[in-house]
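Here we start with a single chain on its own, the form predicted alone, put down as structure tokens.
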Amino acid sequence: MSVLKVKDLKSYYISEVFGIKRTVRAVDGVYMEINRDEVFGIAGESGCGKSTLIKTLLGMIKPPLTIVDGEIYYDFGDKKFNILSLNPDESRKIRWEYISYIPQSSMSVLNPVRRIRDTFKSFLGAHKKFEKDELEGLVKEHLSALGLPTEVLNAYPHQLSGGMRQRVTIALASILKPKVILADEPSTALDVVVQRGVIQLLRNIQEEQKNIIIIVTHDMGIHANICDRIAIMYAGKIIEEARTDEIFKHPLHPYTTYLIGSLPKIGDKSYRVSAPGSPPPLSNLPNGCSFHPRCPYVMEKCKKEFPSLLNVEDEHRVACFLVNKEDDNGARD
């Protein structure tokens, strides 16, 4: 059963400076459906719109970010809503209890002049009423369950390593057992050993709480280790989506093939080839398929039309004329 349905979402940055209007199509016609109890990955190069998509799923819409079109439906059984139709008070009530967020930087959440204990107290107190002893016990129990030392509660953020700060941020995002956790590059700037610990912590939380985790990262290795399904984004659109094992064994879009092919392999010293060129600016996208200037298989049709995201195999969708040869830009599957 699906918990989240995204239909034709268009989330643009629209600004006007000195009479000149500029539109950045960060999320441009995205369709997604995410099921209960799964880890869903969103991959792609920097600047493809991944972080904007995550913010939009949380309902964090602040100018110049503008919703041009689309719907985001959540179905939690006891609570169903289109997050884009909620007012600020309604949005605040569902955040952290139903939908929580792990930002790229832990210092976006942790106050540098407050001890970790005080951050937990102010955070929890803003969403639920607790007795003092009850709150302290809840925090310590949660940290212990995640394998974190309760001594971190006495520390200031600067006294913790980057990896420990990120673990504390994850603990903060999961303490109220939300139905959905949105993680935006949760292992950025961490070394590979610490990354592994952070990703394993997320997986443990998901297995214990049986919630949904939507994780954004450009690192395909992380997706391979934690995700059940992966969506590939390019220039504001999802261009391929499949189960993790399927997308690694049988990538269909040329861009996905480049992403996976660029991963290093143990014992393989051959030169890794990445996609030629660079992504187009989201404020000035080419006509047709946005990847066509970089694609070695480009056809005339690719320069004029954008292929629909269609089912080509079981749970495997792709937007590419190489695969969808009969695509007439009809309705998406």
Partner chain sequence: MTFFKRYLLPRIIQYLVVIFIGTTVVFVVPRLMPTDPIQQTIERVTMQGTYIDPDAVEELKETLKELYGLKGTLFEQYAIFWKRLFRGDFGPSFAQFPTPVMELISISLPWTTILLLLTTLLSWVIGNILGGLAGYFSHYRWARILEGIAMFIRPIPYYIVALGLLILFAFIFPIFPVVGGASIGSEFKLSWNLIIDIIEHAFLPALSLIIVGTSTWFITMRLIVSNIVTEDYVSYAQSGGVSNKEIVFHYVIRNGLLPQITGLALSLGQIFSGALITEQVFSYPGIGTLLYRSISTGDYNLMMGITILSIIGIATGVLIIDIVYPLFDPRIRYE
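Numbering follows the first chain given and starts at 1. Keep in mind that this is a model prediction, so the values were computed, not measured.
A second form of this protein, the form predicted in complex with its partner chain, is not displayed here; the remarks below concern that form.
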Does any heavy atom of residue 81 come within 4.5 Å of a heavy atom of its partner chain in the predicted bound form? no
Exercise: residue 96 in contact with its partner chain in the predicted bound form, heavy atom 4.5 Å: yes
Residue 74 within 4.5 Å of its partner chain in the predicted bound form, heavy atoms: no
Hey, in the predicted bound form, is residue 156 touching its partner chain, heavy atoms inside 4.5 Å? yes
Among 177, 140, 114, 250, which has any heavy atom within 4.5 Å of its partner chain in the predicted bound form? 114
Quick check: do 62, 92 and 126 each get a heavy atom within 4.5 Å of its partner chain in the predicted bound form? yes
Residues of 172-187 having any heavy atom within 4.5 Å of its partner chain in the predicted bound form, listed in sequence order: 172
